[in-house]
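Presented below, as structure tokens, is a lone chain in the form predicted on its own.
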């Protein structure tokens, strides 16, 4: 679980009573192993989470309120309405209904989202924000739900929300609901890079020609060596759709990575570096080459 108790935003510092970090989700590997009759794709993915991301703040209010700030705030919907409504608000509403159905009182709440991560970027985004909203609101309302009920609620918001709620190294299977902790996965020093080109996950899956790829198989304690034998099956179709993925992957790889790969459905790519200092140095170089793009040095959760 990620908690964040300090913010540079005056609104957060002055009015909020609690905070939650919505950490970036990184798919270190993602294998598409089949497709269900209802159209959902079956996946196996090794997932971890960064020490940076969006931030949510919660405060008492006379009526529900929602506000957004941050580099990517202008790209977000600020209503829960419709299929593409804001997932923070959807999470608030669905959790409130579940609690009130049990007779639990839920007071009005003002939620502020500091949007630091690129949108439609393959690193959690709205799913991470929804999960952070659920964690924060359960604390704010001093309430809880049985694990099974909470898991179903998460899945109703999106296939990535259950893993984002956990926020720990995981093996995700099925459509994202079958989660196994990976306590042996080490903390990694990464550079995240995104050309700030939004990617539609449905478009990527529509371009996927092979949908019964080999699974990940048995894990190996030599994590870097093992990860090199794996892949992201969504990367080839994403590269065909967004040409900048080739460029950003090459730029990150040229900085001396041990492994470079795309996360999720893109367009964010990551490079694994031998140290956090090396990743910070790489970001300085990359920002000099492409100052209009997004680059961030991060550490992931895990051993060490």
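Everything quoted here is computed from the prediction, not taken from an experiment. Positions refer to the first chain, counted from 1.
Although not depicted, the form predicted in complex with cytidine-5'-monophosphate is the subject of the following passage.
Contact check for residue 31: no non-hydrogen atom falls within 4.5 Å of cytidine-5'-monophosphate in the predicted complex. In the predicted complex, residue 158 approaches cytidine-5'-monophosphate with a heavy atom inside 4.5 Å.
Proximity of residue 140 to cytidine-5'-monophosphate in the predicted complex: non-hydrogen atoms within 4.5 Å are absent; the residue sits far from the partner.
Interface membership of residue 213, defined by any non-hydrogen atom within 4.5 Å of cytidine-5'-monophosphate in the predicted complex, is ruled out.
Residues within 4.5 angstroms of cytidine-5'-monophosphate in the predicted complex, judged by any non-hydrogen atom, belong to 158 to 166 and to none of the other stretches in 215 to 223, 158 to 166, 102 to 110, 188 to 196. With the partner removed from view, the residue among 26, 43, 238, 251 that has a non-hydrogen atom within 4.5 Å of cytidine-5'-monophosphate in the predicted complex turns out to be 43. For the candidate set 175, 98, 230, 76, a heavy atom within 4.5 Å of cytidine-5'-monophosphate in the predicted complex is found for exactly one residue, namely 175. In the predicted complex, cytidine-5'-monophosphate lies within 4.5 angstroms of at least one heavy atom of each of the following residues of 187 to 206: 201, 202, 205, in sequence order.
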